[in-house]
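Take a look at this single chain in structure tokens; it is the form predicted alone.
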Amino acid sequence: MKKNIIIANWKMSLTDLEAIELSKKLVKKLKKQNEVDVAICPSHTALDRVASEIKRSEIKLGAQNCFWEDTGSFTGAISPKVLNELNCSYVIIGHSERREHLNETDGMVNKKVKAALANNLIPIICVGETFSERQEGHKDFKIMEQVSKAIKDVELNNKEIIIAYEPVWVIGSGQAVEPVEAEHTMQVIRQVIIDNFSPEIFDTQVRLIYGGSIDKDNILEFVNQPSIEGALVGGASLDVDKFVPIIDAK
């Protein structure tokens, strides 16, 4: 049976020293987790030192991005091979902020997913509609398109992927979508996964999570939905007293 997973995306919010200090606090305050997987995704410059802080805990390390080649003349890019060497277990791919500000395309996302899997990283594939796409009634089509293109020609070979549904218009707003709507979207994603792989692969190798203004007060409303298996947490993950209750929610 798949566990729920709570993933912290610290974005570009902390200095390296602040990330290290927050990691120490999490290790100290977090209870032993047997039912829920926990991962934190600091900035790339903090990965090595954060890895040292959490290595004796059950917290896993994730990165916020990777490139689609292991080596080469790609100035400023982050190699998935290096992330593996830094003991990363996860990598966020296709976050809406990268799609918007850095023109990341569905084709790039697809290549990154394949590169992550080839380096034994679990990709956290972010999908979500903009407010205008929602208003125009294109939400489900947009989600189906993003998921389909992200997993095109992907071979899982007993490896895992995570799909994170994050409505673009709610990120950082403090306003989450209704849990029942998030569940509907998960069913849309589920069908795309089954069409591309199989029901068996979906049941054992794919987790669907929600992201967007998650906090301790609404987390249970989401993870109690039949198809939602965790959350990608932004702002609330930057405060240990706000993040730990999200993890501990039953």
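Predicted, not measured: the structure shown is a model, and the values here were computed from it. Heads up: residue numbers just count along the shown sequence, starting at 1.
One more form of this protein exists, namely the form predicted together with a small molecule; it is left out here, but the text below deals with it.
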If we test each of Glu133, Asp106, Glu97, Asp140 for a heavy atom within 4.5 Å of the small molecule in the model of the complex, the one that passes is Glu97
To verify the annotation, which of these, Val82, Val154, Met144, Ile171, has a non-hydrogen atom within 4.5 Å of the small molecule in the model of the complex?
Ile171
Would Ile214 show up as a contact with the small molecule in the model of the complex if we use heavy atoms at 4.5 Å?
yes
Can you tell me if Glu166 lies within 4.5 angstroms of the small molecule in the model of the complex, counting non-hydrogen atoms only?
yes
Hey, in the model of the complex, does Leu232 get a heavy atom within 4.5 angstroms of the small molecule?
yes
With heavy atoms only and a cut-off of 4.5 Å, decide whether Lys11 touches the small molecule in the model of the complex.
yes
Determine which one of 22-30, 206-214, 191-199, 60-68 lies within 4.5 Å of the small molecule in the model of the complex, judging by heavy atom distances; exactly one does.
206-214
